[in-house]
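Take a look at this single chain, the form predicted on its own, given in structure tokens.
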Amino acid sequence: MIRNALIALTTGALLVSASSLPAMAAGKTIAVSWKTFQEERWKTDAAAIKAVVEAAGDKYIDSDAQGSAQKQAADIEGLIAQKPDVIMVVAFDSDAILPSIAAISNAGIKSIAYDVQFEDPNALYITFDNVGVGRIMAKEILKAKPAGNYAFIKGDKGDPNATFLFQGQMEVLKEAMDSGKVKNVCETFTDGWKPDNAQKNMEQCLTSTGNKVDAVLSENDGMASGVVAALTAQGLAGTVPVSGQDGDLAAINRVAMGTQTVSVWKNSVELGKTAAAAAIALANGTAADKIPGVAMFDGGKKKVKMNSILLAPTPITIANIGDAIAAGHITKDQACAGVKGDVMGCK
């Protein structure tokens, strides 16, 4: 249940709340370098972070890299010049960003890898369990389509989350693929995680297979919208299971409509609150490994050991849309717009 998941996150050890940390003086500055503000979810994260920082009497500043590794490097240089106490970075390219992270450390500033990992042992990594998200996607799609031709529409090649998600999917699908029940007929990265690029990738996949695609593992909801558009053009929407993540409002509506099978909800508000509280703690001198919920993580491609906080995601399917509505994440009108037939939560 999503409501129960929210309660667990709010009260559990993983969530770094203001009450779990010692009283601290106000007047610190927390900066965030966003990779892009084009996606709905980042605005939600930003609002949650800013609210916690300002409620503590601290200052929030940020920058938008607009999907450019070069601009993000310049942005971080500008943030460093403002002498914040902590800089959170949502990396556009996890390798290209490393010199900027070194510059942050050299300036005596703490860094947080927010949602997207960059491998630096001095940074605190805060995200959801993205391998686990991939597992959830694959389990739900496999449940809907136990055999057939699968397409894998992965995220941006420069984002390690795309690989983490695929890793989780492969763990679940290994047995079915080894037996030949599931076949990988298309696999492609998607530049910038952009829906239009995902649509083009899906169109090419349908062309190359003669429309013989039985299921699609799309790695986020934005790309799922492009995938569904491509399927719709071929009269396949609603018959081919499609995955996604982020709990986008449009995606939840697609789940209710039957054109998307699952959206793995990573509650951005809770992630933002967790990261903001951790940033305040770091700014006031708390060691990263002393923050509640922190554990070591070395699952990146270079196996760099990092202090990390991994939150648990929640799948939204047609069976529990009502829980998403009850949790206040989406209204019934938004979730159920255009829905025909007997859908739980839309009655």
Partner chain sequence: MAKHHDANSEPARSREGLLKQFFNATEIDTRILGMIVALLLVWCIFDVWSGYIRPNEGLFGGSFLTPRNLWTLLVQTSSIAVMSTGMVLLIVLRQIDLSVGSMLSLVAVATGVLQVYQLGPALGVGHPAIWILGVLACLTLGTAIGAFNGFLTAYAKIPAFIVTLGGLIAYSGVAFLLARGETVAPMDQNFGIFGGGIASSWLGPFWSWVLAAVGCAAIVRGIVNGRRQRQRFGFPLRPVWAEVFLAAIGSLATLGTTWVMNSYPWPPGVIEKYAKSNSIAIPPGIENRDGKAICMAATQVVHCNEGLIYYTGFSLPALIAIAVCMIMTFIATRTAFGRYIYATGGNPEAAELAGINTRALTVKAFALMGFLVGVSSIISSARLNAATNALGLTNELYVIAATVIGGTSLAGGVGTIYGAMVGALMMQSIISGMSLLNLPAAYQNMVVGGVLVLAVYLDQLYRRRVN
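Positions refer to the first chain, counted from 1. Quantities reported herein were computed from a predicted structural model and do not represent experimental measurements.
This protein has a second form, the form predicted together with the partner chain, left out of what is shown; the following refers to that one.
When contacts are defined as a non-hydrogen atom within 4.5 Å, all of P195, Q204 and D248 contact the partner chain in the model of the complex. Stretch-level contact check against the partner chain in the model of the complex with heavy atoms at 4.5 Å: of 165-173, 260-268, 104-112, 181-189, the positive one is 181-189. Only one of P99, G235, P121, G78 lies close to the partner chain in the model of the complex, with a heavy atom inside 4.5 Å, and it is G235. A229 is the sole member of A144, A73, V131, A229 with a non-hydrogen atom lying within 4.5 angstroms of the partner chain in the model of the complex.
Proximity of N161 to the partner chain in the model of the complex: non-hydrogen atoms within 4.5 Å are absent; the residue sits far from the partner. Using a 4.5 Å cutoff between non-hydrogen atoms, S208 counts as a contact of the partner chain in the model of the complex. Proximity of K200 to the partner chain in the model of the complex: non-hydrogen atoms within 4.5 Å are present. Interface membership of T127, defined by any non-hydrogen atom within 4.5 Å of the partner chain in the model of the complex, is ruled out.
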